[in-house]
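Coming up is one lone chain in structure tokens, specifically the form predicted on its own.
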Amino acid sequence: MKVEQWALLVPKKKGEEARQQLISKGLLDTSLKPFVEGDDIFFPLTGSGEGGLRASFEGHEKDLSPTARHELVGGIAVMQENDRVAAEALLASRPGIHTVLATTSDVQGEYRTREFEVLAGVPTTRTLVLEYGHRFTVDLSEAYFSPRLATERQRVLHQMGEQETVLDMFAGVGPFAITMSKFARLVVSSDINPAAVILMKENCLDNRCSNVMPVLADSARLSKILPWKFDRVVMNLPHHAPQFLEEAFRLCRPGGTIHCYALVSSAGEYLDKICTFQPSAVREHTVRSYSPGKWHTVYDITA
């Protein structure tokens, strides 16, 4: 059954950008399907459109196969199961999705990347993520990115003072660095993955961040490269970050803050290791459940 609703009409070539903007503003009616007519695409709106345009839309299927459970990264849905039927159903039922992928490997290698297979939609691993007013271009096959840390990035931001100097040791495409740039005087944003640094530079330009300095470097050697001590150091490499604590303490000024992310099986798992560096204070905070028996945790350390 078709439903008449207020609509936004945009050229197809601008459809993805318009869709992302509508989603970020809560203006896209996700109960109805956008449709293409000629060179234009019609998006259903939750309220009246500026141009007073109305169109007839079809509703979405409400029930999905259980195998269609997914993680959403911008316009890409990432499924754990290689189920093309479920992927096609997912694509048809979610107006915010342009591509459905299946993971074919775990996060692996020095560059922390995964491999994917395209199950439905546009054959790409590249997408645009909108997060708290920022725009992050992401390529899931080239650099790791987790949308689940959006709230955590805001938590760290609101701990900051004005004009801090910040080091992001494992920056990826720059979501922590660009978020923290709001209050920072300087953010040094380092990663060992060249593809991640290229995307990071693109994201800095897109978000007009003139105080973020992208660096292609091995974080184990940063104290030999950088001439500064930092007010705040972010270590978002949960599988391996505790191995870099010595370097983080070298780079953090006395009284500064280190955010060390780790995967733990029990509370306080890395406290003894952290205490060997004689910090002034340590607070442990659970970010999210990672897997059965494991939690993504952050240690907020005062050096």
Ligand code: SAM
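Here the structure is a predicted model, which means the values were calculated and not measured. In this text, residue numbers run from 1 along the sequence as written.
Although not depicted, the form predicted together with S-adenosylmethionine is the subject of the following passage.
Relative to S-adenosylmethionine in the model of the complex, residues Tyr144, Leu149 and Phe170 are all within 4.5 Å by at least one heavy atom. The partner is absent here, but in the model of the complex a heavy atom of Ser219, alone among Thr99, Asn203, Ser219, Ser181, sits within 4.5 Å of S-adenosylmethionine.
Between the options Ala86, Val129, Ala120, Ile192, the residue in contact with S-adenosylmethionine in the model of the complex by a heavy atom within 4.5 angstroms is Ile192. With S-adenosylmethionine left out of view, the stretch that reaches within 4.5 Å of it through heavy atoms in the model of the complex is, among 205-213, 154-162, 107-115, 75-83, 107-115. None of the heavy atoms of Ile274 is located within 4.5 Å of S-adenosylmethionine in the model of the complex. Proximity of Thr257 to S-adenosylmethionine in the model of the complex: non-hydrogen atoms within 4.5 Å are absent; the residue sits far from the partner. In the model of the complex, Leu28 stays away from S-adenosylmethionine, with no heavy atom inside 4.5 Å. Among residues of the shown chain, Pro238 is one whose heavy atoms approach S-adenosylmethionine to within 4.5 Å in the model of the complex. For the stretch 242-262, the set of residues having any non-hydrogen atom within 4.5 angstroms of S-adenosylmethionine in the model of the complex comprises only Phe244.
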